[in-house]
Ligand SMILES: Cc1cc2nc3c(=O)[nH]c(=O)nc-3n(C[C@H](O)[C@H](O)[C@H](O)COP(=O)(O)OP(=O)(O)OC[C@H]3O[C@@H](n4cnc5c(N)ncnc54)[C@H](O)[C@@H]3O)c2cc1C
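Here's a solo chain for you in structure tokens, the form predicted alone.
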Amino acid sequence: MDFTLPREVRLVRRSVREFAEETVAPLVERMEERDEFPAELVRAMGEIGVLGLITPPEHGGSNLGHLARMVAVEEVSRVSAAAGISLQVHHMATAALSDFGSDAQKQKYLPPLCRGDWLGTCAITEPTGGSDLLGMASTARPVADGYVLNGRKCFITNCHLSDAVVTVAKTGEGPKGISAFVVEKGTPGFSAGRHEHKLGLRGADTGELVFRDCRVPRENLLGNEGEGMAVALRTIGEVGRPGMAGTSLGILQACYDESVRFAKERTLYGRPIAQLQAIQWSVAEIFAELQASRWLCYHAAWLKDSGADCGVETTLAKMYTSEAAVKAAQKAIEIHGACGTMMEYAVQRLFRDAMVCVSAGGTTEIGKLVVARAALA
């Protein structure tokens, strides 16, 4: 067994880390204060190639794969989890188009999405819930030249900034009664609604999308009519959940980094608190969670790149890593003592970000159901 990352993945890590520290880090305070995603980051991420990591070269990407993507999301999220989730949700849109799109759709949408001319998103969750796809209320009524969409999606990342939205709606009844569509910004009847103000991941553009007699041309049907369930489940399970795992992994790494730095710099009784056994134990617990989570995440991404069934592994990675990030952030705050509760220290932001990641992309409880079915099979 060889656990060494391929050379191209190591290069991705190095380039994305430099990008995150030089370009993303100076924007974090602004994102926190304004709760807005800096639009200039979209073009910047396109220029370094991070938007097209899982898109084939013939459509503008590099196709370096899901392990490279996992590392990239991790590195961005280590500096800003809000930027990390925006990146990973964009990848969900490009993956859905690559997996289910027609040649014409791929040629039209993927190059601008990879260049950073456009930002993408997937809109699945509704006010009735995100896990119950069959309970969705959005509908798509067939008409002569396409479909008329009506409904509302909520908690959508990249909501107000997206140029291309992959969404699903009911065209019939049952699992085969859901279809997927690509809706472009500016389509009559399609608009972005309220902007959500979240506990964490501030700066990630989150809100609702509204369809009111929105006419979508037939050529914007993604895949065949009735394949929307497959589009949603594959995109969420094999791209969205590992993406959220990568976001949480970046938070975990930041918790470790901040804890080690503070423990070495903070002195008590004339010596760094890193020499105190209680602090050492806390750092050891964070480190253990980080190592365990990293290999769960990397293994799931490697399985995806290998073409193997990875649904259980991606769910396990997301479930475990998001919960581990919360525990690590709490430990990091405790290591910082009173300083950990002050807004100028990053650990309070890491805790808030980690809390939001637990429910984003599938709750822990849903994850346990998926893993339990496999464990009891």
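Keep in mind that this is a model prediction, so the values were computed, not measured. Note that residue numbering begins at 1 and tracks the sequence as displayed.
Just so it is clear, the following notes concern the form predicted in complex with this ligand, a form of the same protein that is not shown.
Although the partner is absent here, T125 is a contact residue: one of its heavy atoms lies within 4.5 angstroms of this ligand in the predicted bound form. Residue contact with this ligand in the predicted bound form: E22 places no heavy atom within 4.5 Å of it. Within 4.5 Å of some heavy atom of this ligand in the predicted bound form lies at least one heavy atom of S359. Residue contact with this ligand in the predicted bound form: L113 places no heavy atom within 4.5 Å of it. Proximity to this ligand in the predicted bound form, defined as a heavy atom within 4.5 Å, singles out one entry of S131, Q107, T139, N224, which is S131.
The partner is absent here, but in the predicted bound form a heavy atom of L201, alone among A72, L201, L87, L249, sits within 4.5 Å of this ligand. Residue heavy atoms within 4.5 Å of this ligand in the predicted bound form occur in exactly one stretch of 116-124, 180-188, 227-235, 259-267, and that stretch is 116-124.
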